[in-house]
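The chain below stands alone and is given as structure tokens, in the form predicted alone.
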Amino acid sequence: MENSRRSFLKIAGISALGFGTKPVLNAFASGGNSEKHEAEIQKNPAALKAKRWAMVIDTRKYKSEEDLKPIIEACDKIHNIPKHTNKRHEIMWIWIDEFKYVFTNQEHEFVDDRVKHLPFLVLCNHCEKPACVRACPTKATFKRDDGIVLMDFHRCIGCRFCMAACPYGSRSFNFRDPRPFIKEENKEFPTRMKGVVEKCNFCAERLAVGKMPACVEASNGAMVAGDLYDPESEIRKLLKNNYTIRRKPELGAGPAIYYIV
């Protein structure tokens, strides 16, 4: 980790002398994320594909936090999310929050009581124009052609520029080594280290083997993932037949998580 930091600072220092910023980025990322993604799909014909992955959360299908806990637990278990006792060190890929904090631009005193007091699931919005990708100096954060915003934990230098850029607070930072706080490690998914940022990855590793995101499977139909650009997909039918809202759409990021209220 320290070697990565020193290498970055060394190259950044050279760029500051007049060599420009492009070499700084190229030193850590050669691009080709899309090519790698396509190669992985070719290896497994069962992989689930989409031109633009998105998700619909039907808030009418749950009434309390108890209905949502199994969804969060499913995500946490599969992705080795640590359980810190100190809230300041908490790592969250998907979590629960109130309407007034999730939809700050739509909160007012006459909001329907059901919606006002309903717990909302919150996760990375896998934006069409993700600010986190633009802010990352090492390309540790990148967007695939199918819209999923991913992280390469090995490239992350812990600068937290992506956290500052994300308008949704969807990223967490490992202030401590998370491994001692993992109750039951899933050997099929990598653990992280101290000094690394992480977030929801839309269960890209599951899509690659033909499985839906863990949260979708655990939601009993309250969450649906699909191809936003396929007019025949289930997600498009839900969007056509129901009124939905998104988080801070006025920012122009193009969030891919829709909520039926």
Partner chain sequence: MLELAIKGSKKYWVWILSLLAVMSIAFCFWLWQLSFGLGITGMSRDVSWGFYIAQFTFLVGVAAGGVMVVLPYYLHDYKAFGRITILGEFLAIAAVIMCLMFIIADLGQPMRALNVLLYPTPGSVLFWDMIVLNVYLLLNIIVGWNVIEAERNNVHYPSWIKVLAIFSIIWAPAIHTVTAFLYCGLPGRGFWLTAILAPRFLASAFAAGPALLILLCLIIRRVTKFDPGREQIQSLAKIVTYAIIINVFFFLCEIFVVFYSRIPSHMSHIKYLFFGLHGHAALVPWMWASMAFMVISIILLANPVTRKNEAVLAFACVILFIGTWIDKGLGMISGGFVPNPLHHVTEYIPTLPELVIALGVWATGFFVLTLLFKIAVTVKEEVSGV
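Just so it is clear, the structure is predicted and the values come from calculations on it, not from any experiment. Numbering follows the first chain given and starts at 1.
The same protein also exists as the form predicted together with the partner chain; that form is not shown, yet it is the one meant from here on.
Student: Just to confirm, with a 4.5 Å cut-off on non-hydrogen atoms, which of K194, K211, K63, K49 contacts the partner chain in the predicted bound form?
Tutor: If I apply the 4.5 Å criterion carefully, the residue I get is K194.
Student: Between L118, C159, I148, I78, only one gets a heavy atom within 4.5 angstroms of the partner chain in the predicted bound form; which residue is that?
Tutor: Only one option qualifies, and that one is C159.
Student: Even though the partner chain is not shown here, does S170 get within 4.5 Å of it in the predicted bound form, heavy atoms only?
Tutor: Judged by the heavy-atom cut-off of 4.5 Å, S170 is in contact with the partner chain in the predicted bound form.
Student: Taking the partner chain as it sits in the predicted bound form, is R88 in contact with it (heavy atom to heavy atom, 4.5 Å or less)?
Tutor: Yes, R88 sits close enough to the partner chain in the predicted bound form that at least one of its heavy atoms falls within 4.5 Å.
Student: Would A164 sit within 4.5 Å of the partner chain in the predicted bound form, counting heavy atoms only?
Tutor: Close contact exists here: in the predicted bound form, A164 approaches the partner chain to within 4.5 Å, heavy atoms only.
Student: Indicate whether D177 is a 4.5 Å heavy atom neighbour of the partner chain in the predicted bound form.
Tutor: So D177 counts as contacting the partner chain.
Student: Are there residues in 131-146 with a heavy atom within 4.5 Å of the partner chain in the predicted bound form, and which are they, in order?
Tutor: Going through 131-146 in order - heavy atoms within 4.5 Å of the partner chain in the predicted bound form - the hits are A131, R134, A135, C136, P137, T138, K139.
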